[in-house]
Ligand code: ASP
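Next up: just one chain, as structure tokens, the form predicted on its own.
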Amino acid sequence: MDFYRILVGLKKIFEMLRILTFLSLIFLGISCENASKSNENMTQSASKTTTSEASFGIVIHGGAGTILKENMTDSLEIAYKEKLTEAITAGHTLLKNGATATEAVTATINILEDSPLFNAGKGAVFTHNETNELDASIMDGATLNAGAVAGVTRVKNPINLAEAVMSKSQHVMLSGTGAEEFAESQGITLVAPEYFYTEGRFQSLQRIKEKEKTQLDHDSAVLLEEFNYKDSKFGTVGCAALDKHGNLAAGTSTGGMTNKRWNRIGDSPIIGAGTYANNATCAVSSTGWGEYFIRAMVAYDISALMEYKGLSLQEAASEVIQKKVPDLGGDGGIIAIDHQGNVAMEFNTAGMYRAHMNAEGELVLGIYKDE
């Protein structure tokens, strides 16, 4: 009898243990599910934080050349700095509010194109025939899509037309009257050629023509081109940006070279020379002696040195601007930003109009070599 009672007691104990084990397993499953959801929520929260606090930045130039402080009045220097600040602040504000790098580049360059201070848009220099021929290009680093226009004479903001070529056509570069026909079909603002007339640019052309008569052998095209370049006021404008989505873009706009002939086209509308952007490396806009920047494929070469040799943006920019271009006989500069927000503003001339703003809104502004 006692033995039987012991067996019954043991049976009840085992049944209780089974129930407790079952309940423990249920409780453990619920705890794991809650922990998983908690981790998922934390991950999503961290992702949102990273997105909202993503690094971004913007850098611009207004041309490089023989820009010397002793040749600059105080009022003109202030005017340049105010316009550079206005342009880069506009682009930075767009990026801060979530705009794409392409949108920021276009809007920033518009402000520089609308100013007579720079050799782009309104301030474009004159050709030998006393006309204005404008070039521009833009590139999206996320898709490697690009657009460019060359030799347009009635497009108020050539960078807008370049963007339309990139986003609304199957082409990369359009030129002349055909580009203007496309502009009209896309609702791009066209103006009369007289819009681009500024007295200062026109007088610069007259001075160069006068020097041609007295100082140059007109049979030497090489000497003529070199003379035109060195006596031309540079003012090509450009912008490169990194947006909060991690995408890069770059754009460049110019009136070309004072006294240029034969529908000459420089590097500004040429993808890889005047403009290049690739999310894997950097976004670059060039300014300088276009013929040499084309031969050196300056903008792309900086990206290639980063991609294939592992150089930093600054190392690559210095290699190309301080060595490769001068070795060929050219000069000028670039502005660039990489996929991490690092910036380069490299030039081998006496000055370059330039500005940079990082994600914190800190402004770096410069004109002369030692700034």
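Bear in mind the structure is a predicted one, so any value in this text is a computation, not a measurement. We number the residues from 1 along the sequence you see.
Quick note: we don't show the form predicted together with the ligand, though the next part is all about it.
Is residue 236 close to the ligand in the predicted complex, meaning a heavy atom pair under 4.5 Å apart or at it? Flag for residue 236 set to yes.
Non-hydrogen atom contact residue 254 with the ligand in the predicted complex at 4.5 angstroms: Yes.
Please determine whether residue 126 contacts the ligand in the predicted complex, using a 4.5 Å cut-off between heavy atoms. Although the ligand is absent here, residue 126 would stay clear of it in the predicted complex, with no heavy atoms inside 4.5 Å.
Does residue 137 reach the ligand in the predicted complex if we count a contact as any heavy atom within 4.5 Å? Heavy-atom contact with the ligand at 4.5 Å: absent for residue 137.
Which residue, 141, 288, 121, 147, is the contact with the ligand in the predicted complex, using a 4.5 Å heavy atom cutoff? The residue in contact is 288.
Candidate from 83, 92, 264, 244 lying within 4.5 Å of the ligand in the predicted complex - any heavy atom: After the contact test, the surviving option is 264.
Which of 95-103, 70-78, 170-178, 266-274 lines the interface with the ligand in the predicted complex (heavy atom within 4.5 Å): Partner-contacting stretch among the options: 266-274.
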